[in-house]
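In structure tokens, the next block holds one chain alone, the form predicted on its own.
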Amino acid sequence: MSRQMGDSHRRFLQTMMVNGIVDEQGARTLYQHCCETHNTQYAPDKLDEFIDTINSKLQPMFMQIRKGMSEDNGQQYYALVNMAETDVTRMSSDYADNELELFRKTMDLIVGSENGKASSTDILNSADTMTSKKLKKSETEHLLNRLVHDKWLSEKRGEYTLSTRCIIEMEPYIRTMYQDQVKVCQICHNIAFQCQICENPTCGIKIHNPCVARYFKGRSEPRCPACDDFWPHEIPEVRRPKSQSRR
């Protein structure tokens, strides 16, 4: 496939700039739409090559469309990433300094937890320890809603996790800032927060829940892939990706 940037590539990039992140099915549907709209060759198995062509033109601008996995469901996502800014300062145009401080504190809570989650109560309490202008409870709640809306955090039943977008975009920052706390999944080798942990004290590897489901599927006796100890956790079912994706 040609490495020349064409109108189909530009349309794809424009949509990524608007959405920030799309799941794999959404990216494939968008790829097909862009090729058909501009009457260019469409090869279903060439999505990554198509994106590589875009990335070759984005490189001088320190931008990249990067692929990553959702810790929640195991689906693959594509996100448009600013390579020049690898930390929380990339959000400074949208958030005030005290809002960014609370986001950092929320990241601290999530990364430092055993299950990759932080409760709304813990986040509200951390707001009391801020060094910049303190946020009222209502302001903190509004900020958390904005962070979820902007796809930096995810929320379920009052518990917050780092979103797929956040992990893909801020991976270098996370690995640098939390290098003593962050581990990678034994199976997919991506950063692991929401995961199962081997209970052997000399092992302690982490495996994402979706990776656990896929790795142990069909095995009569689940054993740790690193130390071969019995894997005592409940094995989740493999979740099928949605056939249709919102775009």
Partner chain sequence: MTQRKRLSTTQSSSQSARQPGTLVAQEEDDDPTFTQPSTSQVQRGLEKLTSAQVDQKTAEVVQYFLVKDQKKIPIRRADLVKHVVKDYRNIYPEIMKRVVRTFDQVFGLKVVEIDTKNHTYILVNKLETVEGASSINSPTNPKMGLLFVILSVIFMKGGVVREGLIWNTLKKLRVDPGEKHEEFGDVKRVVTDEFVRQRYLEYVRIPHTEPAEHEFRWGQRADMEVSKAKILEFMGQLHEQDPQSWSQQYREAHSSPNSTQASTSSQR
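Positions refer to the first chain, counted from 1. No experiment lies behind these values; they were computed from the predicted model shown.
Same protein, other form: the form predicted together with its partner chain, not shown, and the subject of what follows.
Taking a 4.5 Å heavy atom cutoff to its partner chain in the predicted bound form, the contact residue among Asp128, Asp97, Glu114, Asp94 is Asp94. Exactly one listed residue, out of Ile197, Val182, Ile187, Leu58, brings a non-hydrogen atom to within 4.5 Å of its partner chain in the predicted bound form: Leu58. Although the partner is absent here, Leu30 is a contact residue: one of its heavy atoms lies within 4.5 angstroms of its partner chain in the predicted bound form.
Contact check for Met17: a non-hydrogen atom falls within 4.5 Å of its partner chain in the predicted bound form.
Of the heavy atoms in Thr37, some are within 4.5 Å of its partner chain in the predicted bound form. Its partner chain is not drawn, but in the predicted bound form it has no heavy atom within 4.5 Å of Cys224. Of the candidate stretches 202-210, 58-66, 188-196, 41-49, only 58-66 has residues with heavy atoms within 4.5 Å of its partner chain in the predicted bound form. Heavy atoms of no residue among Thr121, Leu124 and Lys156 are located within 4.5 Å of its partner chain in the predicted bound form.
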